[in-house]
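What follows is a single chain, given as structure tokens, in the form predicted alone.
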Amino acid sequence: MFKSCRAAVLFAAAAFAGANPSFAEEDTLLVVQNGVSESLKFDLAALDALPQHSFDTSTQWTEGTIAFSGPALKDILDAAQISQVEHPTVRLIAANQYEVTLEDRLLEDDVPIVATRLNGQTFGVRDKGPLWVVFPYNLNSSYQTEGVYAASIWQLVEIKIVH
């Protein structure tokens, strides 16, 4: 967790300094604690190595339609072997310590995604990055609920699996 918090602080410092924060692929962006073994750390290359999904949607936090892309949250959880945990609870944690428990009904095979790119480009803290859990909000009204909006956590740095 220390490394993920350190990375978040570096991204925040760059953003507040007016820089366009970029990150090296070897920087840990996400830590997944699966509740069974040691935590799994993902850098950009590891996230990019997972199957990628994309969709265009608007959000209540941005203007216009944006092309979001990145791995499905389910693929990240599968890589962390959460199937070893009986009746897992998934907690998503942001850099500012905002935390939400993901409702089981919201986890589908390809939705939500953990966006690593907006309109094909990596993005920094100022743009709700470098990782943002997003749903295809425009697809249907089931993605326009308070539960979905609460789970749409930006500046994601950690996932905890508990049972």
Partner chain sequence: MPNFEIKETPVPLRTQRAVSGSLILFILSALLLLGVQGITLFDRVARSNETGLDNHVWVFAQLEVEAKNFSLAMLEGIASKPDENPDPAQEKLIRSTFDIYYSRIRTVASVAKDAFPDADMQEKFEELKKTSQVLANSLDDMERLTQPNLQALYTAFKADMPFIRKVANSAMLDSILEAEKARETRHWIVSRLQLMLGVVILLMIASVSQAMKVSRSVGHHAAETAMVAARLRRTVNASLDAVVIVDSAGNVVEHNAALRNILKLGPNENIIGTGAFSFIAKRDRKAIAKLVADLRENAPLGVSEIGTAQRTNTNIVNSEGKLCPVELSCVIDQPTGGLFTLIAFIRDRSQEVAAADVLRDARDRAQLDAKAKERFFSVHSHEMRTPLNGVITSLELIQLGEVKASDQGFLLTASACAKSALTQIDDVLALTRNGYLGDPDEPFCPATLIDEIVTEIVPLALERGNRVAFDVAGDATGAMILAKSRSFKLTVRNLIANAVKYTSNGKIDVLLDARANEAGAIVVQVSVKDTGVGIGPEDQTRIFDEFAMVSDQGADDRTGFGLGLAIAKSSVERLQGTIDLESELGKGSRFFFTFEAPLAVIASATVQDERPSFAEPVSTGRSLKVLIVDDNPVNRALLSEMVRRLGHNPDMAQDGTIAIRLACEKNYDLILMDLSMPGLNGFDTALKIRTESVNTLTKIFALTARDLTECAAELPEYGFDGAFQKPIGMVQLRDLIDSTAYADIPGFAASNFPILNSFQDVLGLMGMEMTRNLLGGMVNDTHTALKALLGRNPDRTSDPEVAEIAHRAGGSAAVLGATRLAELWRKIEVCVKAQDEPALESLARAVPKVFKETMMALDMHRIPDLDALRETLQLTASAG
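Keep in mind the model is a prediction, meaning the values are calculated, not measured. Numbering follows the first chain given and starts at 1.
Separately, the form predicted together with its partner chain exists; it is not shown, and the next lines address it.
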Consider residue 126 of the chain shown here, and say whether it contacts its partner chain in the model of the complex, taking contact as heavy atoms within 4.5 Å. yes
Hey, in the model of the complex, is residue 104 touching its partner chain, heavy atoms inside 4.5 Å? no
Do residue 62 and its partner chain come within 4.5 Å of each other in the model of the complex, heavy atoms counted? yes
Contact flag, residue 138 vs its partner chain in the model of the complex, heavy atom cut 4.5 Å: no
Which single stretch, out of 65-73, 90-98, 48-56, 104-112, brings residue heavy atoms within 4.5 Å of its partner chain in the model of the complex? 90-98
Across 136-151, the residues having a non-hydrogen atom within 4.5 Å of its partner chain in the model of the complex turn out to be 146, 149
